[in-house]
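A lone chain, given as structure tokens: the form predicted on its own.
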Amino acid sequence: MNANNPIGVFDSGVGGTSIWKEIHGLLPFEHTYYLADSKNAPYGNRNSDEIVALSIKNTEKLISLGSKIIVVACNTATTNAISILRSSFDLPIIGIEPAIKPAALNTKTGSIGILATRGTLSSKLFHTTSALFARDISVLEIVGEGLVPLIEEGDLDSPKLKSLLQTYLDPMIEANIDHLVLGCSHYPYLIPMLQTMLPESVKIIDSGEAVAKQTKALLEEDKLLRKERTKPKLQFYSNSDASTLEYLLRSYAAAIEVEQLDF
């Protein structure tokens, strides 16, 4: 494997760009290829076999593009498919799952909320992690039904989105949560709205920074960090309308390439 090869990232759509931003911020000279599988979003409403098949398809595509490491920037894909991906492919594969541990360890009220997709909350990996770290506290799990399609549309200030989000937050506020764990890589794009709707005492936690640090650590371990300090290739592919992808990445417009591609 060549250190000059790209980091491959995939998600069930545009949400994983929240993870990509953390990776690029920490590793600004690394080439990256990103697959937005918007055509099949959201993964959270699919059965486990479908999620595994889509994850394998995306991984194979990123490997064909020369990726030296794969980041599964999707909670649902991680919790349902990561073990199969790791046993099927001979390269480092990093997953993302809800950050239950820091929330459970730091809660003062003994109550935390987890907002995630149905596919994540029903997975074996999620239940194992939850049982390990959160058995002595109150955990309110809420399925964010309908949030991913609205985020995929790119309208992050719509009254419809705020109204839907309010129905999910009300029981959490009533339960006196002091940590809200975002269990979907799309959800960090809701943070500005969440901050206006939640009490100031509630800490919002997502997994982006931890995933970026893990990516760097594995590349260092395998001596695969890119040495050149030159402009990297930042390539994004969407198998649907790429306009939301371009909108969410607008501050990087001069540095990236966005292309519609069937995969």
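A quick note: this is a predicted structure, and the numbers were derived from the prediction, not measured. The first residue of the sequence shown is number 1, and the count goes up from there.
One more form of this protein, predicted in complex with a small molecule, exists but is not displayed; see below.
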item	value
Heavy atom within 4.5 Å of the small molecule in the predicted bound form - the one residue of 99, 148, 190, 94 that qualifies	148
Stretch from 41-49, 191-199, 206-214, 223-231 whose residues place a heavy atom within 4.5 Å of the small molecule in the predicted bound form	41-49
Contact test in the predicted bound form: residue 183 vs the small molecule, heavy atoms, 4.5 Å	yes
